[in-house]
Ligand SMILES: Nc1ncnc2c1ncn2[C@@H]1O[C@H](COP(=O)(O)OP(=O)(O)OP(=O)(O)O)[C@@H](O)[C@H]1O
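Before any questions on binding or motion, here is one chain by itself as structure tokens, the form predicted on its own.
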Amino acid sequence: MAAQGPHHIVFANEKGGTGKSTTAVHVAVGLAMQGAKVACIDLDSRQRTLFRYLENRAATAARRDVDLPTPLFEALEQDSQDELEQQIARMGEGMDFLLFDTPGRDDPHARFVATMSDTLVTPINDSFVDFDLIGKVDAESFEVTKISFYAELIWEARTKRARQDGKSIDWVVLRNRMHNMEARNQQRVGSALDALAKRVGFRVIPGLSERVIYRELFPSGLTLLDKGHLGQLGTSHIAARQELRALISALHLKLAVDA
């Protein structure tokens, strides 16, 4: 697949605090563990969460003298689109996947890479606060009344991509941080997402639950997939690993590696 150029995976959401970078890192490492050649570009020049996470991972591998499958990674080098395009071309050479983590705000570079994406992943927290990013609902019935500005942007990006090379963008909305105690709210959000998905054309898949371990892993750069390097895992952590594997499978990216 690398001869035809890498499969571009873009993690994008204009709201922060949705677990976007954590999910992006775990997906990138998961693909690397499957034997794929993966590179990552962190477009958030302020926080650089994905870059710092993978930097911590490389440091842990060196400190422990262990082999930890790690994607190539860089942060945004220059603040111009031309230079970003050069960085994309350089990082993508020989890769199966090129993954982008974008800022949790409106950003011109995020808009640009969205038009280049093959898979566009939008993680959202499982609440109407985050649903508001992509659609509006009626206050009484919770039925979708209209799509949001962000959803319109993605629609335009998909239209532009189709005009450019005839390819479609697989837009995936990821339901992160679901809680067992909020069954009624989850059902309402789920119904609204299903209705909007039919209207706008995205897929909805389950994401990562709210778990402390994701925050604890950051300093070491380890992921839940690093079996043998995490010590003794509790039942909840094993369930989290299964949850993560299901997420990666639902993105339908392994098929691209096998192609």
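None of these values were measured; they are calculated from a predicted model. Just count from 1 along the sequence shown to find any residue number.
Separately, the form predicted together with the named molecule exists; it is not shown, and the next lines address it.
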Heavy atom contact within 4.5 Å of the named molecule in the predicted bound form, the stretch among 197 to 205, 219 to 227, 55 to 63, 40 to 48 | 40 to 48
Considering only heavy atoms, tell me if residue 161 and the named molecule come within 4.5 Å of each other in the predicted bound form.
-> no
Does residue 104 reach the named molecule in the predicted bound form, with heavy atoms at most 4.5 Å apart?
-> yes
Residue 15 near the named molecule in the predicted bound form, any heavy atom under 4.5 Å?
-> yes
is_contact(residue 119, the named molecule) in the predicted bound form, heavy atom dist at most 4.5 Å = no
Residue (of 136, 111, 177, 188) lying close to the named molecule in the predicted bound form, criterion heavy atoms within 4.5 Å = 177
Could you list which residues of 188 to 212 come within 4.5 Å of the named molecule in the predicted bound form, counting heavy atoms only?
-> 208, 209, 210, 211
